[in-house]
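Coming up is one lone chain in structure tokens, specifically the form predicted on its own.
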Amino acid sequence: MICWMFIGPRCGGVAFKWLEQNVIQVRMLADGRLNAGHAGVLLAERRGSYPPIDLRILKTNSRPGEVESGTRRKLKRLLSFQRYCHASRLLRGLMPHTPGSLHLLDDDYLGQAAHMLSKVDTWNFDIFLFDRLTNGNSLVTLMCHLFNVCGLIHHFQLDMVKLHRFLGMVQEDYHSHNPYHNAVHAADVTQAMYCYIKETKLAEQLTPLDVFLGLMAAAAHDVDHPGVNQPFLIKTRHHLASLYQNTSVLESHHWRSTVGMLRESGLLSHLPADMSQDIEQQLGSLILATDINRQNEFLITLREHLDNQDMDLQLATHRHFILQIALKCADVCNPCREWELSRQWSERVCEEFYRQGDMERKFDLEISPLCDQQTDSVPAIQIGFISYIVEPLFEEWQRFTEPSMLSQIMMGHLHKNKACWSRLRYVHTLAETKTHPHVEEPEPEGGQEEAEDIP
């Protein structure tokens, strides 16, 4: 069904009067293609805010720590050109052909997609299926729905055109060729974040601004991720590493990219300047909290609050800290999903690691930890990740949310998945033992009886 509505004096002042307003997708009249007069070649290029990593600079004859001056100048010109062409969304056909109207389609929400959205607060939500049902638009579709059901559009008087334009920018600037750090991961983290902010202890205390920040940070927390980690950017002397002085390089870039898109879309332009600036800063604080290098910092602080029983969610600072913890949990919650979903995410993230390792091997760089496909198996990587990162964090999250049925479900999945990976590592090592008889045959973690029940 196609509905037409005309905008009043303020662009985006649309009032949805029918009952199914939570299943309406707002789209611009344009179909997203470039006008015929623009260079079509831009469509084939990545639309991120910086050029692809050019590893040719590693093969120069310059002394260690230097980059050939000609290559440096060429890279700078490439950066400037791509930023000029790709940062301007006017070249992407996002402006409506008829300025005074909106094209509202609800087709994508019909059938199975609509049914899934009605259960978006359940932990068994299959984001892979949802992404297929929405034709690869899971992030935009999910965020439009959540902003509506949470009342954020009305509360902040958001312009629907600008909101959809902003979300389109965010989704577009995730790299679909990344096995893991892509828009589907962002949608998955956003859905998890929504589940967390609905926890009883949080739902009763969070303000509309808190919910707005939590969902926005989740959706944009990895935007424009290059598919390699911070050490890789540092040792290849990427310009982002220099720009952010080798500290929270990727997280800083995700935040700054988000701020740029917020300003370009004008989503917050109707708010007082001090309020929009505060939103930008708080988004930065949330996104920067996802830096895995700051894990112990946040974990220690959370434990102290829980041990001292001094967490007061009536204080804005304490609510913000819990939002940081919630986002960190959502970002690494894959091992807490049911096995089939968890396994897919584990294989994807390891594939991304292995791709980095292959690049490092190709250019005679030291292969980063967890990135060597020849020595780092998926089960071994996942067991380490669960043991040192996920378990400690979610044990404290369970303490905070207690009594929480969701936390019990997540911890149950976590323990079962760890046992599954333990069994798979045992099988993998057993196969290695047959190939190399001198290797001692291992015993599966958790005991043989437990392992036998694991697929």
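For every residue, the number given is its place in the sequence shown, counted from 1. Since the structure is predicted, the reported quantities are computational estimates derived from the model, not experimental observations.
Omitted from view is the form predicted together with a small molecule, to which the following refers.
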Is the small molecule in the model of the complex near all of Q171, L215 and S257, within 4.5 Å of a heavy atom of each? no
Residue within 4.5 Å of the small molecule in the model of the complex by heavy atom, from H253, R337, H145, H181, is H181
Answer key, the small molecule contact in the model of the complex at 4.5 Å (heavy atoms) among A114, V120, V349, L288: the residue is V349
Only one of 272-280, 315-323, 357-365, 379-387 sits within 4.5 Å of the small molecule in the model of the complex by heavy atom distance, namely 379-387
Does at least one non-hydrogen atom of F353 fall within 4.5 angstroms of the small molecule in the model of the complex?
yes
Q. Taking 4.5 angstroms as the cut-off for heavy atoms, does L129 touch the small molecule in the model of the complex?
A. no
TODO: Please check if C195 has a heavy atom lying within 4.5 Å of any heavy atom of the small molecule in the model of the complex.
DONE: no
Given that the partner is absent here, does I300 sit within 4.5 Å of the small molecule in the model of the complex, heavy atoms only? no
